[in-house]
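Starting off, we have a lone chain in the form predicted alone, written out as C-alpha cells.
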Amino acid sequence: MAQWIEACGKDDIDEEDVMRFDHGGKTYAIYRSPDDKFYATDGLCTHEKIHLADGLVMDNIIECPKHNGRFDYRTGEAKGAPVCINLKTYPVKVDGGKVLIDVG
C-alpha cells in the first residue's frame, strides 16, 4: 500500500546532487538528476552503512564517500567494488513544488 510522505522541497536539491532524509527510523537519499528528475534510495551504502548523502553524484551515479562504491540511483544497481548488493529504490513524485516518496 502506498504511503507518500513529503521528503523535501523541489528547490532543496540542486541538479546532479543528493540530500539525506530521515523518517520512521530509516535514512533515505533523495537525488535530483541532471535532467531534473527525482529519485530515492535507501540512504546507507550496502557495504558499510555509510550515509550516501555525503557522497558525490556524477550523472546518474552516487559514489559512497568511504570506499568509493558506486550505484545507479535510478535503479539501485551496484556498479563496482566494493559494493555488490543493490540499493533499494522508492517511487518518487513531485506535487506542487514538494518531493514525495512512497515508503510503503
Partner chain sequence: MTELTYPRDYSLTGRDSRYAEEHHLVSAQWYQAPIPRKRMKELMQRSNGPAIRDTIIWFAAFAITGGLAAWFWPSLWSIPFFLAYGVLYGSSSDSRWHECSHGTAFKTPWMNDVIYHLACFMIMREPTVWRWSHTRHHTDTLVVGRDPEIAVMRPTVVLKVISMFFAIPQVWGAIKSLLLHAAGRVTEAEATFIPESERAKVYMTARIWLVIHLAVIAYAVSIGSILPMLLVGPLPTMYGAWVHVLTGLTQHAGMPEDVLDHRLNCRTVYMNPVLRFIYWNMNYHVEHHMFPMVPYHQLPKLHEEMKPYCPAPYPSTWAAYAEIIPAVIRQIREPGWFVQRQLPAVAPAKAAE
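Note that the structure is a prediction, hence the values are computed from the model and not measured. Positions refer to the first chain, counted from 1.
One more form of this protein, predicted in complex with its partner chain, exists but is not displayed; see below.
Hey, in the model of the complex, does residue 77 get a heavy atom within 4.5 angstroms of its partner chain? Flag for residue 77 set to no.
State yes or no: in the model of the complex, is some non-hydrogen atom of residue 34 no more than 4.5 angstroms from a non-hydrogen atom of its partner chain? No - in the model of the complex, heavy atoms of residue 34 and its partner chain never come within 4.5 Å of each other.
Quick check on residue 64: any heavy atom within 4.5 Å of its partner chain in the model of the complex? Contact with its partner chain, yes.
Check residue 12 for me: does it contact its partner chain in the model of the complex (non-hydrogen atoms, 4.5 angstroms)? Residue 12: no contact with its partner chain in the model of the complex.
Within 4.5 Å of its partner chain in the model of the complex, all of 29, 93 and 102 (non-hydrogen atom): Answer is no for this spot.
Can you list, in sequence order, the residues from 53-71 that come within 4.5 Å of its partner chain in the model of the complex, counting heavy atoms only? Residues within 4.5 Å: 53, 54, 55, 56, 58, 63, 64, 65, 66, 67, 68, 70.
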